[in-house]
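First, one chain by itself in structure tokens, the form predicted alone.
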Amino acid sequence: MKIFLYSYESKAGFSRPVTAHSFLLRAVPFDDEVQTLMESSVEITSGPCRLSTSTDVWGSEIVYGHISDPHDSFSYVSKGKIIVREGRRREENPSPVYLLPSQSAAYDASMAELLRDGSAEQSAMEMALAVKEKMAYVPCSTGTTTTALQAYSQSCGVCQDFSHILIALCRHKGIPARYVCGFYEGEGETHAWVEIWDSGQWIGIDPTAGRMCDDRYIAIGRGRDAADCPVNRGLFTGIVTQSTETVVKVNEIKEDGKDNI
């Protein structure tokens, strides 16, 4: 078990002011048997805005709002304090959609070399290692709409692509699998991994690192693939170019009460 202080800061800049900006954020960690939220807050720092909260169909907490006035940037920060345990999420009957191909995580016969046999957990872990061996991690080599097959064909990608390929392999083997996005201990960007279902529990596997997930992983969203759980999705009025910078910081609180920075 670990206790963390986390923060997710994002700033989008627009080349000219936009208006009528509606947005939806998934930047608050799950509060369940694996993660316990002790404190959490979401603040829009680019202007006055009324926020509302809800839960999407996959169980992720969403924060949404609207900014009417013209603005040339959109900034927000999600921060809090959380306990993370190494346990597994329990569910007796997972949704059958986690066995079906999705737009970004569909199996292709060319991926057959990565298939492995064994129990659900064993074969999923071995396939994750095969994905890690096959794929090179190359930042900016793929985009948000890149599919598992496209990434596999070029033998490189980022954590989103590694996860999509593993999900496609697992579903082809009859193993329910879902995409998870969230934070990882340290400083950087959001991370993605996979949960596979076996014997009444969801088991976290990180194909990018080639290991089982532990108490260093903080989940904020999940779904069939990355399209179901973007951190930020919005609409606005204006024809602009946009640039976005994000920083994730996850620092463990040590027993002496000092942050591990």
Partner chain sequence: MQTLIESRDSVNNWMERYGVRFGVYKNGIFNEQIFPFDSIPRTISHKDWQMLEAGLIQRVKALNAFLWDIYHEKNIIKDGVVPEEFVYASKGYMPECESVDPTCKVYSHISGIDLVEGKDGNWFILEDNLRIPSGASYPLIAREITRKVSPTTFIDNSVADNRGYADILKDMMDNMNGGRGINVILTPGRYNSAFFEHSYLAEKTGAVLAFPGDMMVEDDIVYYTGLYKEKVRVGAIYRRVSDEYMDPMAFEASSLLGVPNLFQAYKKGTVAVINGFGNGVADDKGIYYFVPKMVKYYLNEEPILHNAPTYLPYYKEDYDYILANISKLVIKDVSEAGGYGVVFGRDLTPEKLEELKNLIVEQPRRWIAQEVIDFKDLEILEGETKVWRKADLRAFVVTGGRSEDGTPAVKVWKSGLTRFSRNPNSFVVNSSQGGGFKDTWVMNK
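None of the values given here were measured: they were computed from a predicted structure. Positions refer to the first chain, counted from 1.
This next part talks about the form predicted together with the partner chain, which is not shown.
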Heavy atom within 4.5 Å of the partner chain in the predicted complex - residue from 217, 202, 30, 58: 58
Proximity to the partner chain in the predicted complex, single hit among 19, 15, 22, 246 (heavy atom within 4.5 Å): 22
Options 49-57, 191-199, 35-43, 204-212; stretch whose heavy atom lies within 4.5 Å of the partner chain in the predicted complex: 49-57
Contact of residue 97 with the partner chain in the predicted complex (heavy atom, 4.5 Å): yes
Residue 62 within 4.5 Å of the partner chain in the predicted complex, heavy atoms: yes
Residue 223 within 4.5 Å of the partner chain in the predicted complex, heavy atoms: no
